[in-house]
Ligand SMILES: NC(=O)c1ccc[n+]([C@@H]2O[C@H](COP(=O)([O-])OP(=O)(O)OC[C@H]3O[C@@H](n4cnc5c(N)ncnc54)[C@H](O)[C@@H]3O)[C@@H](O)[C@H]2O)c1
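Next comes just one chain, in structure tokens: the form predicted alone.
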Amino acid sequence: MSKKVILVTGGFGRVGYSLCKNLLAQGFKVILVDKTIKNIDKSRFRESDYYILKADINKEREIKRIISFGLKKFKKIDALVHCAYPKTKDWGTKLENLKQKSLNENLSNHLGSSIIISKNILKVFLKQNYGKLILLSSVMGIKNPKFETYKGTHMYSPVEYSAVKSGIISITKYLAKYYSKKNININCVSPGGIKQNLPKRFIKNYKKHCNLKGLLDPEDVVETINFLLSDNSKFISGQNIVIDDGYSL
């Protein structure tokens, strides 16, 4: 495991950054990609074990650049975990106020980038005769929002989020079937809500629908991704693994 090279898009997001730190602590080589670059704790990790790249994964030439960079530095890429979450500035607009231009851009950027980055990394995996691709969906990809959890808050679950996340699951299954018998594992992870700066009322309402914890820490998702990256999951492909503390029941 420690010799593997993992490419992580959205590497400075909540799940992405937690994953990168976890992988580095285990001894992986990590290529961290994000549109906005932040600082990383250099005292904890050897600089030779990771590279941070600024890139816009909505542009295919940028996707090709980061993949070429990884192959040049490490001679291989064992896995890609696509954590990026591209969205417009007006993301989260209520259905009644949704503008077609914004809708088209969000659907294209989120679903489109997932397909294009998958296409490009899978070319590498085919040449290597192995590889692992993990996409991130959401519990909203399998379940309608429980709108009552948002009452009394400024929050709203946009329809395009449900459309995008259900689409990610479909893409996962399509690709897994398309590349079957190629020694490539393609899977999807669907987390429930992740802790962040949220209204107390929403946190309380959300937890009512869960078993024990309610909103998850990013680390709760990372452990499942670790399993999918490991050789223990070599016979798992085309699956959507839900991590939501029972929210979707």
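Start at 1 with the first residue shown and count on from there. Remember, it's a predicted structure, so these values are computed and weren't measured experimentally.
Note that the form predicted together with the named molecule isn't included here; everything after this is about it.
Taking the partner from elsewhere, residue 134 is found to have every heavy atom lying beyond 4.5 Å of the named molecule in the predicted complex. Remark: residue 138 counts among the residues lining the named molecule in the predicted complex, judged by a heavy atom distance of 4.5 Å or less. The named molecule in the predicted complex is not approached by residue 23, whose heavy atoms all lie more than 4.5 angstroms from it. Contact between residue 196 and the named molecule in the predicted complex is found at the 4.5 Å heavy atom cutoff. Remark: of stretches 144-152, 68-76, 85-93, 174-182, the one touching the named molecule in the predicted complex is 85-93 (heavy atom within 4.5 Å). Shown without its partner, this chain lists 40, 31, 210, 57 as candidates; in the predicted complex, only 57 has a non-hydrogen atom within 4.5 angstroms of the named molecule.
In the predicted complex, the named molecule lies within 4.5 angstroms of at least one heavy atom of each of the following residues of 158-197: 161, 165, 191, 192, 193, 194, 196, in sequence order.
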